[in-house]
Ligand code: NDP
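One chain is shown next in structure tokens, namely the form predicted alone.
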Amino acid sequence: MTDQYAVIGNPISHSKSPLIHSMFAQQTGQDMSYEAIESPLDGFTATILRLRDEGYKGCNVTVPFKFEAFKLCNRLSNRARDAKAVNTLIFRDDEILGANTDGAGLLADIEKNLNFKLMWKDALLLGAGGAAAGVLWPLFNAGVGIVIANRTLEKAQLLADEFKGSGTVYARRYDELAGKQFDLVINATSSGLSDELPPLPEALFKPGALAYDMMYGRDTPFLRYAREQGATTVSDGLGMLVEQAAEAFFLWRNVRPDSKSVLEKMRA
């Protein structure tokens, strides 16, 4: 019988995950299906429990349900526990296991696909939601100094407080960024969905800087801003999507797909 998987979000119609996982399945000879399912904003838990009861083997979780998914799990991977956010669910023996592959996906895309070395770099992380939480610890462990900027300072501060005493992770409001420069600026907000740009000052990018938007499939205001401001490398999040999907696929199927060839097909 074909094993069933899905990605859950709201909105979800734009998701490329079903295409990516069908390519992985074809490439590795796995008998599985994968679909996109939109959950009502107030019905995430009910949706997940229904899918589990229907025999699904696991799910990916996207905006805005990653914190809710974290609370739903019986057991958590270390990365999910660090992030307090979950993007990959595994249904096994009446338990819901939670993992977070976002950080691994981002690092693989930046270092492997974009050939940008992270050690000793200064990063600005825009946003303090589930997407930002999922990549904070991996960036920190890669030797990156991080400023988290958010409209509400309290949310950013909550994330930064986990690294108290490290001297390398700080929270700031957007209006406190003027005059500061970074090697790496990551947009982890969903502003691109509504064609908006966080209120960023000019001259944020150091020479050789990378501007990275976790959104994919559209030329966002952040990407346009980065090009106008002279960022050396500008990238959307398609590579991160493919790399985090490869991690989730490995957790589900115990087979590691070739992400590079799939990313090349997706770009084409």
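Note that the structure is predicted; figures quoted are calculated from it, not measured. Note that residue numbering follows the sequence shown and begins at 1.
The protein also exists as the form predicted together with this ligand; that form is not presented, and the subsequent description refers to it.
Colleague: Pick the stretch from 112 to 120, 75 to 83, 126 to 134, 165 to 173 whose residues have a heavy atom within 4.5 Å of this ligand in the model of the complex.
Modeller: Heavy atoms within 4.5 Å of this ligand in the model of the complex occur in 126 to 134.
Colleague: Is there a heavy atom of Gly230 lying 4.5 Å or less from a heavy atom of this ligand in the model of the complex?
Modeller: No, Gly230 sits far enough from this ligand in the model of the complex that none of its heavy atoms falls within 4.5 Å.
Colleague: Would you classify Thr189 as touching this ligand in the model of the complex, given a 4.5 Å non-hydrogen atom cut-off?
Modeller: Output for Thr189 is yes: heavy atoms within 4.5 Å of this ligand.
Colleague: Does this ligand get within 4.5 angstroms of any non-hydrogen atom of Pro64 in the model of the complex?
Modeller: The answer is yes: Pro64 has a heavy atom within 4.5 Å of this ligand.
Colleague: Are any of the heavy atoms in Gly58 no more than 4.5 Å from a heavy atom of this ligand in the model of the complex?
Modeller: No.
Colleague: Any chance all of Ser13, Ser15 and Arg92 sit within 4.5 Å of this ligand in the model of the complex, going by non-hydrogen atoms?
Modeller: Negative, none of the three is within 4.5 Å.
Colleague: Here the chain is shown alone; which of Phe70, Tyr34, Tyr216, Phe205 has a heavy atom within 4.5 Å of this ligand in the model of the complex?
Modeller: Contact with this ligand in the model of the complex is made by Tyr216 alone.
Colleague: Mind listing which residues of 218 to 250 have a heavy atom within 4.5 Å of this ligand in the model of the complex?
Modeller: Contacts from 218 to 250: Gly237, Met240, Leu241, Gln244.
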